[in-house]
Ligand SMILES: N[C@@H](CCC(=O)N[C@@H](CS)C(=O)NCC(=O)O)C(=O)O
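One chain comes next, on its own, written out as structure tokens in the form predicted on its own.
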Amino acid sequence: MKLYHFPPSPNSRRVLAVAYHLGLDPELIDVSLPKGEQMKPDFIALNPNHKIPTFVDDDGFTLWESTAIMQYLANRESAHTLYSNDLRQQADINRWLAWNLSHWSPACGIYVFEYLIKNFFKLGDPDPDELEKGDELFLRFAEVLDDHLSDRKWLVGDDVTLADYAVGSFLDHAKVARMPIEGFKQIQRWYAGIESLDAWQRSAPSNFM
């Protein structure tokens, strides 16, 4: 199996961490977004959206969108707790995966774009209007997440699941992207738990750059 990825990307990292958690060892193919490698014809043939990550299984089955890849990998393997077979617990995991896509990732993504991507590509200073929007969204949804975590170690059930890897993935950039996370003690405690996981440590960008 092959995983086309860009190591610093939260979308890439969550997939790689899940693969490692499941004991999988995909062949990693770096796609340098700064160099425009995602626009090469061979890559676009795999993913017409020219985005990462993109997964190709041993039989040639190709899949893009990080959440779909995570779900596929978890369903592909057995004897794990990442994606429960219990109907309601799986629905709860799916709820947080959808919440991440709809609310959390867009909020975190504003800071990543304004403070990291703009700086890297020399696109100018951070836009105060965008940062104000980011603060509004982040603080709103961080409160939801922090409250949910007040009496639990993981987002769903008693073990780490796909939900934790998905929602936690942007927090790797929290400090450098200046996300206002200081007041959310439960989120910080929870993310420290994710950072302690072997699969998360192995998926760290510095291991591949």
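Residue indices: 1-based, along the sequence shown. Bear in mind that the values here come from a model prediction, so they are computed numbers and not experimental data.
The following text describes the form predicted together with the ligand, which does not appear among the structures shown.
Looking at 179-187, 142-150, 160-168, 59-67, the stretch with residues near the ligand in the model of the complex, meaning non-hydrogen atoms within 4.5 angstroms, turns out to be 59-67. Though the ligand is absent from this view, in the model of the complex it lies within 4.5 Å of a heavy atom of just one residue from A174, L33, L28, L46, which is L33. Here the marked residues S9, Q38 and I52 all reach the ligand in the model of the complex, each with a heavy atom within 4.5 angstroms.
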